[in-house]
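This document opens with one chain alone, in structure tokens, the form predicted alone.
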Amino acid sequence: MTMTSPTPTTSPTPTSAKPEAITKISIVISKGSLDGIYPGLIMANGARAEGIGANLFFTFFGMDAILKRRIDHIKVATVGNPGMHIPTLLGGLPGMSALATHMMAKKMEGIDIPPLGEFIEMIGDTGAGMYACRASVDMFGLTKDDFVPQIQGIITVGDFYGLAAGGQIIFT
């Protein structure tokens, strides 16, 4: 019995065509901790710096980032956060969240990442769209007056999809 090797397959010829450039992103921010809010803000800011259109859609506890009464009180989540590399029991000790928040704020200041309120204002000034989720606003009994002035509207998920059409959606 003679063994034959399989016939070599031909691989597709690589093309020199570049991938399509991203022209618009829409970012959903749903978590109400610093480590849940900042990634979306940093991505939106970076997009605007690159000339990419950006929309931010704040929903559920992510709306804390844009609520006047909460914006200056957002903390790092220490309980149940595997990225903290500390046992949940320790994360729940009094003062742990405040300590982690203080340490993170110092590190961010050292690399010129602005505090949350200033960052929201800065991103708004770049022309990024910022919206609160209608369902979440209704669920929590909020009104437009509860939000920072950079919020352009309270919109439905369908409205958000309309804004996002033709772009990429990122969920943080």
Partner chain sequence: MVDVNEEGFFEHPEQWTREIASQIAADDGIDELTPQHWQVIDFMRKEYFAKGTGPTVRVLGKTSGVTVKDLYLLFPKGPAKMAARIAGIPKPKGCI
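Positions refer to the first chain, counted from 1. The model shown is predicted, which means the values in this text are computed figures rather than measured ones.
Quick note: we don't show the form predicted in complex with the partner chain, though the next part is all about it.
Peer 1: If you check Val137, Leu67, Leu34, Ile113 against the partner chain in the model of the complex, which one has a heavy atom within 4.5 Å?
Peer 2: Looking at Val137, Leu67, Leu34, Ile113 one by one, just Ile113 meets the 4.5 Å heavy-atom criterion.
Peer 1: Flag Ile42 as yes or no: does it have a non-hydrogen atom within 4.5 angstroms of any non-hydrogen atom of the partner chain in the model of the complex?
Peer 2: Although the partner chain is absent here, Ile42 would touch it in the model of the complex, with heavy atoms inside 4.5 Å.
Peer 1: Can you tell me if Gly46 lies within 4.5 angstroms of the partner chain in the model of the complex, counting non-hydrogen atoms only?
Peer 2: Yes, contact at 4.5 Å.
Peer 1: Looking at the partner-bound form in the model of the complex, is Phe119 within 4.5 Å of the partner chain by any heavy atom?
Peer 2: Flag for Phe119 set to yes.
Peer 1: Indicate whether the partner chain has at least one heavy atom within 4.5 Å of a heavy atom of Gly141 in the model of the complex.
Peer 2: Although the partner chain is absent here, Gly141 would stay clear of it in the model of the complex, with no heavy atoms inside 4.5 Å.
Peer 1: Can you say which of 104 to 112, 141 to 149, 26 to 34, 57 to 65 gets within 4.5 Å of the partner chain in the model of the complex, counting heavy atoms only?
Peer 2: In short, 104 to 112.
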